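Given next, in structure tokens, is a single chain: the form predicted on its own.
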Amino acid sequence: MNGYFRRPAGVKDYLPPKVRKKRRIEKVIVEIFEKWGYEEVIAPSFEYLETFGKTGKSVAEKVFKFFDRHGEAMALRPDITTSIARMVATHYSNHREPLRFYYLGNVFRFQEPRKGRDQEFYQIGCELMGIAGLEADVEIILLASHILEQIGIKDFLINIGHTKFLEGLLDELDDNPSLKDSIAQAIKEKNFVWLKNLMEESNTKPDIKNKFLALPGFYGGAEIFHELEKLPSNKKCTEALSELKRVWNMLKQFTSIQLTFDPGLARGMDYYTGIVFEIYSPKSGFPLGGGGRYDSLLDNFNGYRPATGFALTEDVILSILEGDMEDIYEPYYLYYNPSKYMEAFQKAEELRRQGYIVKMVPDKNV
């Protein structure tokens, strides 16, 4: 096949019917963001490589890199949150009120293409910067829930965790960076077979081993808090558990939201510092989205500000909704003789003023 007709692995073609459905969903979400006081920002498609290099190894490994004509290393954005953090440090350094931004855009991640893991995909999300309290985390979770309900996804689950809980557990391990990294990666991937093998091969004390091996069982409703409190825990773990319980107490009055808790939940980006969450639907094998608190991210740009946010993956949402969405598109076809084009064009304009979608089609037989 001629190379010009090949599509690169990990990207998609969006044809008109799918684009129309995509835009309909986006319109509903944008209206919700606006009503909640969020303002749209548009981040650059690429930044200096060092911008993303500051956000941790997990991001840096996924970056598509290139050089500009001056030899500066550049990167296609693998993440929009980092770009917004840089924007806030650049343009809002003296702004002290909370900032609420939303965005729609594509991101690029270098990864092995397979089902559910494209190298280019679309996100729609928001960031709330400037509120350190748990009320900001609750707002973000409620906003994500409200959006999903309004676009027609009723059956979903929000799984909430806390990065400090996992950090606290890892602090109890011997000072072996390689082992800690492997254990953290196994937990992030929920590869508990690998985790078990790592723990059995390590010289970790039996009581600490048992904590890690018990992690798969600490998943469920608020009842797991009682079980977790029975375990001897360090300060980080105790404080993380306390915050999770407080978030639960704030959210439990919203009975329409289905919640689970996973204290060991670890998301893909290294910049998270507190409450994190992921959203699942039984109709998809992939998360609909997720987010969490990232209080230290702006430190990388000399602009400390507490922050939290979330992003929804549009492709996953479309895969759930697309089958139930009718493609409403009814253009008016105006056939015309090329010799009478201007008369036909005036007729087309008249119809457009009446609200019709008009497609002009040349036909010598008219």
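We number the residues from 1 along the sequence you see. Because the structure is predicted, anything quoted here is derived from the model rather than measured.
FYI, the form predicted together with another copy of the chain isn't displayed, but the following is about it.
Exactly one listed residue, out of 87, 215, 173, 257, brings a non-hydrogen atom to within 4.5 Å of another copy of the chain in the predicted bound form: 87. Shown without its partner, this chain lists 76, 179, 151, 186 as candidates; in the predicted bound form, only 76 has a non-hydrogen atom within 4.5 angstroms of another copy of the chain. Segments offered: 186 to 194, 157 to 165, 219 to 227, 134 to 142. Contacting another copy of the chain in the predicted bound form at heavy atom distances within 4.5 Å is 134 to 142. Within this chain, residue 22 lines the site of another copy of the chain in the predicted bound form, having a heavy atom no more than 4.5 Å away. Not displayed here, another copy of the chain is approached by residue 98 to within 4.5 Å at the level of heavy atoms in the predicted bound form. Remark: residue 248 does not count among the residues lining another copy of the chain in the predicted bound form, judged by a heavy atom distance of 4.5 Å or less.
Proximity of residue 110 to another copy of the chain in the predicted bound form: non-hydrogen atoms within 4.5 Å are present. Taking another copy of the chain as it sits in the predicted bound form, the stretch 31 to 49 comes within 4.5 angstroms of it through a non-hydrogen atom at 34, 35, 36, 37, 38, 39, 40, 41, 42, 43, 44, 45, 46, 47, 48.
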